[in-house]
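In structure tokens, the next block holds one chain alone, the form predicted on its own.
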């Protein structure tokens, strides 16, 4: 049974999103189309049964639409991240006032320098957290994060991230023991200890579709990945597809665009 989500936080894309950080060669996003896709994403969250807090765009922060990298929200409280790229470091502080609307100060922790941690590197599986060791999340960030989790009674471990941006870029847990994996994570020993009842290896040509969101009785996924969709349907999930072409151009995916709790 999936967690009972009631809220999501999103931030509107800024015009500067067209100049966001990227490793892709897909070209610049079309701003108006990105807005339309973001509208559809918000509607998908609402269809999944949550109240959506929509924050205004921040023109000085091209990647501000990717709010997942500003905080990790657990059942016990929120941990404010510290994004690694200098152009993004301030984003967590700009999210803090909104987080305080939902959590008292004693339930809010903070990753501090020299630690870096981004929510895209964090995958929650019950009371255990897998944390990517990537270009965006360093050992000190993990050490601090793991300490906060221990205080709250959770466990964690690191997973090396070599070829992609974030841990969840390479696959996501959709609850009920079901894990999608792609690329380098098909061979990750951390995912092969029997804690998952079914690990589905996503074909390389559909790797982008491995990042999706389970919310209540829905799975929100990027449109255009029929093999992934077929597997999710085989697992019995009700799927909402959202076109993500413009966010893919700047290394964004389904999970990146919201904080969910």
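Positions refer to the first chain, counted from 1. Here the structure is a predicted model, which is why all the values come from computation and not from measurement.
Not pictured, yet referred to below: the form predicted together with citrulline (CIR).
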Of the residues 149, 165, 111, 92, which one places a heavy atom within 4.5 Å of citrulline (CIR) in the model of the complex?
165
Heavy atom of residue 244 within 4.5 Å of citrulline (CIR) in the model of the complex:
no
With a 4.5 Å heavy atom cut-off, would you call residue 259 a contact of citrulline (CIR) in the model of the complex?
no
Would you check, heavy atoms only and a 4.5 Å threshold, whether residue 250 touches citrulline (CIR) in the model of the complex?
yes
Using 4.5 Å between non-hydrogen atoms, is residue 82 touching citrulline (CIR) in the model of the complex?
no
Which of 71-79, 138-146, 165-173, 180-188 has heavy atoms within 4.5 Å of citrulline (CIR) in the model of the complex?
165-173
Select from 76-101 the residues with a non-hydrogen atom within 4.5 Å of citrulline (CIR) in the model of the complex and write them out in sequence order.
88
